[in-house]
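Form predicted alone, single chain, as structure tokens, below.
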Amino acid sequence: MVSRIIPVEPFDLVIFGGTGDLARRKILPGLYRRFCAGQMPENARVIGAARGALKDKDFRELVSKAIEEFVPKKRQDAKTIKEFATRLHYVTVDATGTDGWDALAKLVRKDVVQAFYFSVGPSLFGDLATRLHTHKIANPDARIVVEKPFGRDLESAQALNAVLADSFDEGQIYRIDHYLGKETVQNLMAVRFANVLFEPLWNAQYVDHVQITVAETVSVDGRGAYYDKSGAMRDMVQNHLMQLLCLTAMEPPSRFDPDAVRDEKLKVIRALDEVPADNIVRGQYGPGEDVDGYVAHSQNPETKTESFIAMKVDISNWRWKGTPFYLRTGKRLKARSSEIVIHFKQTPHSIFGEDAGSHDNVLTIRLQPDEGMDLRVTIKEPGPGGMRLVDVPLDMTFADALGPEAEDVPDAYERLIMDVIRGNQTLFMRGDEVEAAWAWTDPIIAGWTKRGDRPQPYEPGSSGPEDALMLLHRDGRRWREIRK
């Protein structure tokens, strides 16, 4: 199998916050990998912009060190890094003032694709958008990339969208969620809509329930003050898990086109039922052996913020009515794991008798750490002794299926940045989609705030609070184990 590298047009990519953590860890190493893959034209440039007073050579040295730290050693080559560095430039810019904008205007070319990556806090989005417009830097078809959080509630999301809309059209705004750039997330659409095997069964008639889990082993240490104002609901459910839910549940779009796909995702969000309090479990990790708990990390003894949440969600439309979606995410859990699990219903009648046991088909889509899919099917257990049934997986781990080529599959940021340059918004969120997600989320948060609910404590390294297990047990179901 030979991977196809789709070329892009010459571009100037300006990274505001170009010396920050996200740029160093993800954006710049990702661009280096795309350079190595031959996907950056000769006259493409990357321009770092930040408050620090650096020269081009200083920025190039910073980027070279970031590549050495965050790109696998076997993918590093001193000559290639040096060549990549010649594409790098730097401008000192004050996002809220006037310094540096004239210099940036002279540097950014008008005859190439222009992209401006806002790798900064949301409070600066409006300032950057306004100045790009007033200093006449951005072309009418320039693209801006904004990172989450896209507000912290419906009101702030609407205000943010309005600020961006003052300077840029919706078709120029790319709201990035790196989960949508993962290979397996896109393969979810391929599995559903390119295989007659699945799409006829992808509905409430044949699917018993769906589980979506994003489990993390990390704590909030070092960012506790920020996280305490957010919590798992705002930080993960409203965006990442919502996007996975939409891609799993949406109707087939008429074509693989940005607005056609996003129209169907929006319909899912608008079909979500209100979630009653007894269908929500919130948790907060406690201290462990030689490890502080959430309260210490948040530096707030009175905190009521959740580091874990599990929910049972219902969708009121013809495809999914009666099939629950169970969402779960949390910090300091037993393993790092993100997956979507489709549990199909059992056969209406077993011809093999009670001794054969109960069996069902399960499709598991693994987003991380080992990207791939497996489908559990029921077969006869080999050997004599009658008709004994056993479940076995049909496994497609990308590393195994694609061999060495799996290592060259672009990571999420690489793919999404190249989509920005191409002008493809399919894997980015639209403004009305973001607002609809907050419109569903806000009443849930307001409900537990009004009730004064406190999250339940859970052991670090566990699967979360016990009540999260009961959320499924009372329905006669079980969570898929979070595997180390």
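All residue numbers refer to positions in the sequence shown, first residue = 1. Here the structure is a predicted model, which means the values were calculated and not measured.
Form predicted together with a small molecule: not shown, discussed below.
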Original post:
Would E147 count as a contact of the small molecule in the predicted bound form, using a 4.5 angstroms cut-off between non-hydrogen atoms?
Top reply: yes
Original post:
Heavy atom to heavy atom, is Y174 within 4.5 Å of the small molecule in the predicted bound form?
Top reply: no
Original post:
Should S337 be counted as a contact of the small molecule in the predicted bound form, where contact means heavy atoms within 4.5 Å?
Top reply: no
**OP:** Answer for P465 alone: is it within 4.5 Å of the small molecule in the predicted bound form, judged on heavy atom distances?
**Re:** no
**OP:** Would you mind picking out the stretch of 191-199, 302-310, 341-349, 147-155 that comes within 4.5 angstroms of the small molecule in the predicted bound form, counting non-hydrogen atoms?
**Re:** 147-155
Original post:
Pick from V214, M250, V185, V120: which residue has any heavy atom within 4.5 angstroms of the small molecule in the predicted bound form?
Top reply: V120
Original post:
Which of V63, L416, L31, A50 has a heavy atom within 4.5 Å of the small molecule in the predicted bound form?
Top reply: A50
